[in-house]
Ligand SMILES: Cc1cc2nc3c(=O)[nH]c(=O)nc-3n(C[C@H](O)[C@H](O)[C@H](O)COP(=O)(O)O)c2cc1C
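What follows is one chain in structure tokens, specifically the form predicted on its own.
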């Protein structure tokens, strides 16, 4: 491993603008909370926030942060609405609606309905007052458990702890088992600056993980495998997630199948890498173990 250099500094030594750029770029991609709220006079507001995630499913809790404006420390309409009417409908954003969602982030005057400005369908919620976005693949009607102010200066967050009371799933985004299908969802995530990412096509991948048993771990991979010049860290991580070390009989079978005695160590690792990336992890591990005692 080549020597790595770092640029390091204290958080207090950089400007607010620089800190925002760093955290928004490094902590990414972030899911987007497309929040619908309402004030005490019945005015609806719709705004996206990428400081957002789910923090519990029993009870089902989502947390997002409508931060104070960096330029002057003022609060956003969403935050002000939540103090008046502690309810929110959180809508998930798909690629088909991302441009309209971005338009809704415009700082229109208080009382302007972003549903209308951004061209979204305003669908009445069942249990809470704020409506939901008809175009969203999933919407969550929530009541507010708490709002935690993190500061009074520009950029300070306000942690909104929202408890899910009712769920709406657009059936167009469900698979045959009536579960949300990541291939159909085509979700988007927020990056730094004006950048977004799209969760579709080749950007989606699965990582098998033993849930009831334990992977053997890196420490059980022989040094010749751990220090391979062919295998990547991701390759080794997949191999170390296997539940058992190959048996002698398994090693004998792959030796016979691939004539491994005629291959060099690097050639064997290249063969195993191809088989690993085709999906047969245990066979790849068995091939690698065939050279361990040579």
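Bear in mind that the values here come from a model prediction, so they are computed numbers and not experimental data. Positions refer to the first chain, counted from 1.
If you look for the form predicted together with the ligand, you will not find it shown, but the lines that follow are about it.
Participant: For the chain shown here without its partner, which stretch in 84 to 92, 99 to 107, 159 to 167, 119 to 127 has non-hydrogen atoms within 4.5 angstroms of the ligand in the model of the complex?
Facilitator: Of the options given, it is 99 to 107.
Participant: Even though the ligand is not shown here, does it sit in the model of the complex so that 238, 250 and 281 each have a heavy atom within 4.5 Å?
Facilitator: No, none of the three is in contact.
Participant: Please pick, from 228, 43, 255, 65, the one residue with any non-hydrogen atom lying within 4.5 angstroms of the ligand in the model of the complex.
Facilitator: Filtering the options by heavy-atom distance leaves 65.
Participant: Does any heavy atom of residue 48 come within 4.5 Å of a heavy atom of the ligand in the model of the complex?
Facilitator: Judged by the heavy-atom cut-off of 4.5 Å, residue 48 is in contact with the ligand in the model of the complex.
Participant: Any of the heavy atoms of residue 78 lying within 4.5 Å of the ligand in the model of the complex?
Facilitator: Result yes; residue 78 sits at the interface with the ligand in the model of the complex.
Participant: So in the model of the complex, does any heavy atom of residue 32 sit within 4.5 Å of the ligand?
Facilitator: Residue 32 belongs to the contact set for the ligand.
Participant: Can residue 173 be called a contact residue for the ligand in the model of the complex at 4.5 Å between heavy atoms?
Facilitator: Residue-level check for residue 173: no, no contact with the ligand.
Participant: Need the contact residues for 118 to 152: heavy atom within 4.5 Å of the ligand in the model of the complex, sequence order, or none if there are none.
Facilitator: Read in sequence order, no residue approaches the ligand (within 4.5 Å, in the model of the complex).
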